[in-house]
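What follows is a pair of forms of the same protein chain, given separately as structure tokens and numbered structure 1 and structure 2.
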Structure 1
Amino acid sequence: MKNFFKTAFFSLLVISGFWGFSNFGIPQIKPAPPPVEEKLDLGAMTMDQFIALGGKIFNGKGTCTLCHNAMGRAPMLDKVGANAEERMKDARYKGEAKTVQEYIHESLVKPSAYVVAGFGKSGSNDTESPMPDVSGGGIGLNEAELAAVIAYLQDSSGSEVTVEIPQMDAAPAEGAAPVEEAALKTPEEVIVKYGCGMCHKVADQVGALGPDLTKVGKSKSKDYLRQAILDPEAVIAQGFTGGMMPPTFGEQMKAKELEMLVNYMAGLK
């Protein structure tokens, strides 16, 4: 009986030790707060402040530096003003821009209008860009934010800043009901809208920055996949770094879209 109590006491001691270490010894993961749309007082801004706002968005909410960096995932933008003039004359250019400002705006919302050689989607012969429309999906820049980023890129590349600070939108009529956007109908539509294929290989998309999801359901549960979408910093896949995936999908996706995407990925085996 004495041995029993000794064994029981030792077991409780070990369990308590593991509990204490897991709760207090291991650093807790605290994901960064999601980027939010700036509350802009555009009427009181100087151009220098507007350009600084563009830099903040470029390096933050816009997630631009995820690819446009020295690692060579996407073209560097330090000479985008000078390059724009040449690219609009290129026979491969499919856009409609006439000015540097229009070209930069087009490259943000219609990135496939011109794809720099070597940076297109695999198999597209540089006719399709892996970059998503930054005005939608998981980034969702509004027109004022887009204008600020354009001003920042013009300024940082040594070009003349031609952007004008936008006027504030008029307030909606009192009592006007917001228009509810209908939920998407297929997981493929969800993947395209939220730019999943920019980083992941999934549903005919060939992103290579994040984990390959073509058979993710073989090793990951629905709970894991749901958490990975809602709180991407909670568990970082082996071989990858944190801070790459936007943490805002939980706010942007409708519940139906989220569950449809989770069920789709769980079935990829």
Structure 2
Amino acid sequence: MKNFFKTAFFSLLVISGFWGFSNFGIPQIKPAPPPVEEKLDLGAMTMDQFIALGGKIFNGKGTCTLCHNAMGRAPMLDKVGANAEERMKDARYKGEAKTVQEYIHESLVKPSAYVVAGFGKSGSNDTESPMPDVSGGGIGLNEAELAAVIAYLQDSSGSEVTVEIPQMDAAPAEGAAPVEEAALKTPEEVIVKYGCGMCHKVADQVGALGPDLTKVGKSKSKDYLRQAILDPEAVIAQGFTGGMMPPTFGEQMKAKELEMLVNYMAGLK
């Protein structure tokens, strides 16, 4: 009898150990299905389809909604058409746009031509925008994609859509071809894919909305860094406000990508 209890107790111990490990030891990550790139076949497109394509880019590849969302880290764009008219007349306007379409285009590739009051890089007194040039860097929208996004913004803000569908059988060199996404191999690729550099200074990127991560491994442990990605609200970095960093990376990332990122950041000293 004594042996029976011993064995039972030991078994329970082992089982609860495994249970605890699988529930708390392994980060709970659901790998998302790889997003399939839109193939741009502009020749056959109607304006409605072109606008819808712009919406997809806005919500997807463009990473616009990382910042332009209800959390208030960037201005809402639901009246961008009407606002553009006002901005171009403002004494602080430094750009060259004459029309709403040109203003939006300029906002995308030279964000600092006009910085919406209260949204400038901290310390720049609203002269420098924290928004990246979305035609370069990690986002890299081409002219056709920019045009689609502009058409979408004009349409969704209730302005007249003045954009014309570009006349080219655009099969952009990059972007269109890969149907199956190759597994990411380096932490830099992970950082680009998830847009960390939009908000953080890290891996040659110069985002300015969140803390500089170029030496984050000096003071932060791997556990802290993992939590900062999976549950950004758990600890708010000193000098910053909560509600800014997207809480969805845990659902989007593959476990391998997360561990690559954590190891990489822990080594930044």
Ligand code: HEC
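We call the rigid core the largest set of C-alpha positions that still match within 1.5 Å between the two forms. Residue numbering: structure 1 sequence, from 1. Quantities reported herein were computed from a predicted structural model and do not represent experimental measurements.
Here the chain taken from the form predicted alone appears as structure 1, while structure 2 comes from elsewhere. Superposed on the core, the two forms barely differ at H68: its CA moves less than 2 Å between the two structures. A151 is not among the residues whose C-alpha shifts by 2 Å or more between the two structures once the rigid core is aligned; its shift stays under 2 Å. Core-superposed comparison between the two structures: the Cα of R226 travels 2 Å or more. Shown is the Cα shift of A203 between the two structures after rigid core superposition, which amounts to 9.9 Å.
The Cα position of D212 changes by 3.6 Å between the two structures once both are aligned on the rigid core.
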